[in-house]
Structure formats: structure tokens, C-alpha cells
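First comes one chain, alone, set out as C-alpha cells in the form predicted alone.
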């Protein structure tokens, strides 16, 4: 019931924000649409249902977005420098990294955050292990790769999901 209510409220909030109106007819249509979608897809918002409902976790979620954007810009610039370099300094490879995250949703967000950052691609997620294709492998050992790729994202996701 909690996930249904959270999905309904999230959908309804987006409806209101996208319409930019609090007119009764807009609210009724939005509530009806949100109710139908929430009834048809009750587990569609599991990313938020697993989120710890503490003020610290919610503030960390906001900080995570800014951290992700910073890493996105940084990695875009690094990949652009590699592509524009005449000698194309790449050392591609697949590295194995470990995550401390216990939550399935936290692990999925970690894998997706890594994949969305240019220069890295999560190939497989198996339990505590992630296999990542890395354009410039600095060191193939697990500890170094984990510190380079995973640790920054994980710091936030641990607070949010455990």
C-alpha cells in the first residue's frame, strides 16, 4: 500500500508540475490518471520505496544528483581529451570491482550511474561484484578500480539505501 501511495503521489505531483495549473478539472484528470497508473503498475517506483525515509537520506539524494553531474562533466571532458588526442591514449579493459551496498536498488543505481558516466560501462552485476568496461584502465586490481570507479557513488548510495 505504501508503494501504491508513493507512486500515486509522485505521478500526481509530476502531472501538476507539467500542467502548471491547479484548476479543478486539471487536478481531477491528473488524479484519475495517476490512480489508474498506480493501480496497473504498483511496483513501478521501487527506487523510491527502498529509499530510507530519513531527512539525512533525502538530503543525501539531492547531494548525489550534484555529485553525479560533477562526475558526468568530468568524465565527458576526460573522454573528449582522449578522443581529441592525436595518439588516442586508451587502455581498454574489463575490471572487477566490489560494492558494499546491500540494497538491490542501491546496486542497480550504482551500476546505472557508472554506465551513464562516459568512459565506463557496467557489463555485469553479480551480487557484490560489478564487471566494468573501462576505457583507460589505470590498474587492473580490484581495490584500485573500486576506489576509482565505485567509491564516490557508493558513499552517497550507502546513506540512501544501505
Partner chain sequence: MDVLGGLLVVAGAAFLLLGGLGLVRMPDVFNRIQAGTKATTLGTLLSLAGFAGLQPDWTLKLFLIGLFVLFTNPLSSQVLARAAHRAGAEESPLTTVDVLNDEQGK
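Numbering follows the first chain given and starts at 1. Small disclaimer: the values here were computed from a predicted structure and weren't measured. Heads up, when I say rigid core I mean the largest set of C-alphas that superpose within 1.5 Å between the two forms.
Another form, the form predicted together with its partner chain, is not on view; read the next lines as being about it.
Within 4.5 Å of some heavy atom of its partner chain in the model of the complex lies at least one heavy atom of residue 119.
At a distance threshold of 4.5 angstroms between non-hydrogen atoms, residue 17 is in contact with its partner chain in the model of the complex. When its partner chain is considered in the model of the complex, residue 94 lines it closely, a heavy atom lying within 4.5 Å.
Contact annotation: residue 133 falls within 4.5 Å of its partner chain in the model of the complex, judged by heavy atom distances. Highlighted residues 6, 151 and 154: none comes within 4.5 Å of its partner chain in the model of the complex, counting any heavy atom. Screening 38, 101, 61, 137 for any heavy atom within 4.5 Å of its partner chain in the model of the complex leaves a single hit, 137.
Relative to the superposed core, residue 151 shifts its CA atom by less than 2 Å between this form and the one not shown.
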